[in-house]
Ligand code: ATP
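The form predicted on its own is given below as one chain in structure tokens.
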Amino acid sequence: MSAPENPRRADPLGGDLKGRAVIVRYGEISLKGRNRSQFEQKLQTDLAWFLRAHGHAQAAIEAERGRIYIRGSEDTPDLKMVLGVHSYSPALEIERDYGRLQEAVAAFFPAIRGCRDFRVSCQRIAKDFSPDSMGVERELGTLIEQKTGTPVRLKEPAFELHVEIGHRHIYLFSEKRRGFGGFPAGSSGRLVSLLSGGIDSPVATFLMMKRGVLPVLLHFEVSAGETAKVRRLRDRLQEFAAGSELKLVVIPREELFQGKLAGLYNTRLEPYVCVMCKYLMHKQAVALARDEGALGVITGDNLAQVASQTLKNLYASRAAAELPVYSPLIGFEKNEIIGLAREIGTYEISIAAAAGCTPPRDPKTGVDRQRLLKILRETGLS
């Protein structure tokens, strides 16, 4: 998986702003019913914020039947950072006229001449246009082959010219740049996210942000170095929030244990420390969620990855979870999580060295919930 793209990547259409547009496509938003327009408007607002924040001037942003069009931008911004964007393309926008379309393809002749072969792919969003999609592909393909000398190849061509016929304009483009999809930032509500300086929890937080969640970040401080990493992770996740502030709450871990943590080591309770810690984290997260108007908790839990994440220990540690717990990584393999961390730009931050917690010797992997609650009462931590 690749790192985020350079927002100033060269535009294949060159520097002329006349007729320039960026086609923005969204995925699941199109499946919404009566509230679809609210999601579309939120995505337009987020796009406008992103363009302003990153210094991209634009003439207009308009929605039209399953597409959003950005017109007049000097180059193609890296819209991958805007959640809700499924894909986007720098395009040439022309009037809905077949003769004009036949003239406009000349803008792509230089690129096609330098390729082994090409094909034309047409999509008619507006079905009232003539000729039909196959007719456009066949006639334009013949024209381009005659003018450039480059042969047509329908399967895996070196260059693909896309023609999209809309209700008011025709668009020509040669690439689709991938976005993360999902829903616009904050469109689904708020959750509290248990955020450490490791690899998993930032990725879990991002995946829920991609579903429209605006997270309140909760970190339990073990060292100043670890907390510094978490602040950098917050700043990176902030870039996907379309201007909404990601609040970070930091609580010393000793405060979580009411100053009793050190006294648990080298005792019969040491093997239970990890599960006790998770229980207390959930308890604190629920309290914060109620204060923040959040409706649940996000964790980076991954089934059986470490001792505290066995089925029994997850069940026991969530005894204090009075709100829903969302663990989007629960069934992922570690290499999948690392791939996502690299793609969203959190991996290098997460692997930076920093002092962490001291794990107990021989941690319990199958703690009974009632046994855990009894220990918590015994230690005064319930």
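Please read all numbers here as calculations on a predicted model, not as lab measurements. For every residue, the number given is its place in the sequence shown, counted from 1.
Beyond what is shown, the protein has a form predicted together with adenosine-5'-triphosphate (ATP); the following relates to that form.
Between 82 to 90, 166 to 174, 98 to 106, 302 to 310, the stretch whose residues reach within 4.5 angstroms of adenosine-5'-triphosphate (ATP) in the predicted bound form through a non-hydrogen atom is 302 to 310.
218 is the sole member of 207, 218, 273, 122 with a non-hydrogen atom within 4.5 Å of adenosine-5'-triphosphate (ATP) in the predicted bound form. Think of it this way: in the predicted bound form, adenosine-5'-triphosphate (ATP) has a heavy atom of just one of 187, 148, 284, 196 within 4.5 Å, and the residue is 196.
At least one heavy atom of residue 278 is located within 4.5 Å of adenosine-5'-triphosphate (ATP) in the predicted bound form. Within this chain, residue 201 lines the site of adenosine-5'-triphosphate (ATP) in the predicted bound form, having a heavy atom no more than 4.5 Å away.
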